[in-house]
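Have a look below at one chain only, the form predicted alone, in structure tokens format.
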Amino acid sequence: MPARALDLWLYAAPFLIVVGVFVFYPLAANVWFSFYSFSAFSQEMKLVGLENYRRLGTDPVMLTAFINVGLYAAISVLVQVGFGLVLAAVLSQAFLGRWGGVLRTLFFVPVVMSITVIAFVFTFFYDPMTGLLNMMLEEVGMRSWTRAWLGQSSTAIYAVIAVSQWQSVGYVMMLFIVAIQGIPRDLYEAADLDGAGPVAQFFHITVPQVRDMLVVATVVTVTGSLTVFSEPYILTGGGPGHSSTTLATHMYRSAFFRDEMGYAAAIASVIFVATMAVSLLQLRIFGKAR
């Protein structure tokens, strides 16, 4: 082997070892475990083949979980990507001056906060008796809209999703602000001379110029929706019933509440395949981002 090639392998070896040990080995081991039925506290592992995967196809909770993560993804793309882009465009305007930096900081603060702390705060916000949300609705004469937001099957998943949007929109906003700052100002100046207003400039200059970041933000948002765990688990535990269950919370409960480690491994494999498939599909549709 040439000396230069050997040097390259030696430099890459630490990275390859870490990725192999902490990424590829756990992934392969999880797929292997998914073909077995076993308990975390038992030495016995019974080979069941594809039985865990056949069970997934008849598990009604899996259908509910897929519907919930689908809602998560759709709303997240609309709010985080759509509203995040609009917010970034507005906060990048020169007329805001120093207030632009202040507002960016305020919108980004929830991103650096612990999601556990945020979830507990919103638990009080949604409280049916003393929660701020119901109190505000009563004050504006909308008492009929008050309800136990986290305690009703019809509203629990939407209340959980709202928390995620509030916490994450600032992150996507900052991604777009970075992309917008790279757009040549000459394009906006030329558009001003042609009489294009702010809305026309947004759709004809900003959106096409941040296309690569738009793809990246969409992929990150959708894959994050498929693996969301903290918000539904802390706020509702996946309830009431299974109305706010996601794939990750179903996997967690299968593993650590029902002690069905093989079945949980099968759910984890499905999450991985679904995440990869959605990511590749998005890149195929929107084009490969740089």
Partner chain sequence: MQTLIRHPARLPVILLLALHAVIVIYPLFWMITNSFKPTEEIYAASWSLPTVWMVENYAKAWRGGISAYFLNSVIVTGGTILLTLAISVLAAFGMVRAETAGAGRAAGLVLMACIGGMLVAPQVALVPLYKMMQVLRLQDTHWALILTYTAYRVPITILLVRAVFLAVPRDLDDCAHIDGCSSLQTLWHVYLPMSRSILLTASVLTAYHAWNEFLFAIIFIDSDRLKTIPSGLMNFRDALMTDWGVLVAGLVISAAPIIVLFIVAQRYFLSGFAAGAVKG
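Residue numbers count along the first chain shown, from 1. In this text, rigid core is short for the largest set of C-alphas that superpose within 1.5 Å between two forms. These figures come from a predicted structure and were not determined experimentally.
If you look for the form predicted in complex with the partner chain, you will not find it shown, but the lines that follow are about it.
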Contact residue in the model of the complex, from 29, 47, 63, 50 (heavy atom within 4.5 Å of the partner chain): 29
Residue (of 202, 124, 158, 145) lying close to the partner chain in the model of the complex, criterion heavy atoms within 4.5 Å: 124
Residue 188 within 4.5 Å of the partner chain in the model of the complex, heavy atoms: no
4.5 Å heavy atom contact, residue 35 to the partner chain in the model of the complex: no
Residue 69: touches the partner chain in the model of the complex, heavy atom cutoff 4.5 angstroms: no
Exercise: residue 216 in contact with the partner chain in the model of the complex, heavy atom 4.5 Å: yes
Contacts with the partner chain in the model of the complex - residues in 139 to 169 whose heavy atoms fall within 4.5 Å: 166, 169
Threshold 2 Å Cα movement between this form and the one not shown for residue 273, core superposed: no
